[in-house]
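First, one chain by itself: the form predicted alone, in structure tokens.
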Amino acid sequence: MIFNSFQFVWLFPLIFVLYWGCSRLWPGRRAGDVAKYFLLAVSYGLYAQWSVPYTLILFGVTLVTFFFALLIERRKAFGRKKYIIWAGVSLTLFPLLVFKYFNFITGAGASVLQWIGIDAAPPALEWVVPLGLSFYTFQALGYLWDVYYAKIKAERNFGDYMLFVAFFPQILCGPISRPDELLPQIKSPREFDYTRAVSGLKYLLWGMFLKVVLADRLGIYVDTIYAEPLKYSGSSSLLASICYSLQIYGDFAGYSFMALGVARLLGFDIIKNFNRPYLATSVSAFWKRWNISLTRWLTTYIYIPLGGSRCGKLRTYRNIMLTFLVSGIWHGANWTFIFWGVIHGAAQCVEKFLGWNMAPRGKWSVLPRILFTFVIVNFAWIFFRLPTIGEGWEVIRHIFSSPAAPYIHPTTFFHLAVAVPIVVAADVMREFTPGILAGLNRYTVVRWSAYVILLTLILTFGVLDSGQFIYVSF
């Protein structure tokens, strides 16, 4: 279910009423079980609404990781566990490799063969990547590795584990939850909490604003310029790159905040996936604020097992590069995503070498470092957005060689003048003056004025076409 759709507007309130109504119809622990399995049926039903056959892939990943976790826990010899864990990991990754990376791998292999003089026509599979495949696969793999390292006990209740993998607020675009965070909440009975519900509605409203007013409106300008970047001036391409940085933030953070809000309305607390990433003072700090759950997953299951920063400098740099190579590959089957990951990995290696990964020592250095970090991240997004690395370099060359006045559509001007300042002001106040913001929040008139303004902007200027989220394709 897409959060910015009319289906969500009428269907989620029905789910909300029926879910909490379970506690009124059945007494005691049974009420929690009924509510839990109702939520499981809703999660699978909403996923099946998109594709019934692909629901079998979701179920297959769930089934494989559930039973392999039990096998791992029953094998006391650590050596034998290695065979089981790698078998389980391989089977879990198989759908991801086939649906997302098969054409990329075969195409890369054919290119290598052609380079040595052998003509090859690789088979191409024409199918759609299952929604949320990367997210729920990584969540299931995290559970399997946690059982392997004895961080948690293997789950015995298959229904609980199914809901852990398929929980509908987060299955499409995350966040990637840890089993020790979400599974205990699934098992525990929940009572409706008014304060938590109000907090959920606030996140839902803010996430909707980020998606339909900021991201989708700026996306129209970005698509226009990047469709034929050389047709417009270099400054137009620069403005489009900045708009895309804001678009992808509004799109992905918008989904994450809405997922957080929906989960809270249902009595669950999931990780906050964004924490004002464009106010980071280094690329290293950026990744502690952007897609926090993926950064945590990569750190826990890739970076630390490789040795992390506990080894020599060269090996630490290698570990950083390998981790962000995986990050790039995770985002998509294209060399542009790999190159984007390499840029971020290399930037962090340079920062670590120069000591720039540490927090700024003086307050006067904060703003320059924020701007410098944003420039690096912004130019890396150009490769992320465009279909080839060559086109990315061409756009960057065009930015510096054609500095004529940018093309700005009146609608784009409105968002640069109104919507963007709202987002920037909100993030800056939360970052640097939280006390003032908390003081203003105590006044009812201020709070409700903010709600009304945001809702009015959503209804008046939002792109209410149920547009899909960018990260769904990853």
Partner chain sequence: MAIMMMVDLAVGMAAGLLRQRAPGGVTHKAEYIRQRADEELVIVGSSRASHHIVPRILRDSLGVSVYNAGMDGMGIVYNYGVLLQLLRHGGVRTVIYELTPWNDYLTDDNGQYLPNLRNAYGVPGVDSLFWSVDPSERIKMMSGLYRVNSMLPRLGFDNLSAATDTLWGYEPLWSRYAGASRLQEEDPSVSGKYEYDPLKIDLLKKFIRTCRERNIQLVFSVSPYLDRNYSYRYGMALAEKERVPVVTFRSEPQFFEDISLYQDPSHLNNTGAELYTRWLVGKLKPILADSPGAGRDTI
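Positions refer to the first chain, counted from 1. What you see is a predicted model, and the numbers here were worked out from it, not measured in a lab.
A second form of this protein, the form predicted together with its partner chain, is not displayed here; the remarks below concern that form.
Contact between Thr411 and its partner chain in the predicted complex is found at the 4.5 Å heavy atom cutoff.
Interface membership of His415, defined by any non-hydrogen atom within 4.5 Å of its partner chain in the predicted complex, is confirmed. Among heavy atoms of Leu11, none comes within 4.5 Å of its partner chain in the predicted complex.
Contact check for Phe461: a non-hydrogen atom falls within 4.5 Å of its partner chain in the predicted complex. The stretch among 428 to 436, 37 to 45, 403 to 411, 59 to 67 whose residues place heavy atoms within 4.5 Å of its partner chain in the predicted complex is 403 to 411. Residue Arg217 is the only one in 185 to 219 with at least one heavy atom within 4.5 Å of its partner chain in the predicted complex.
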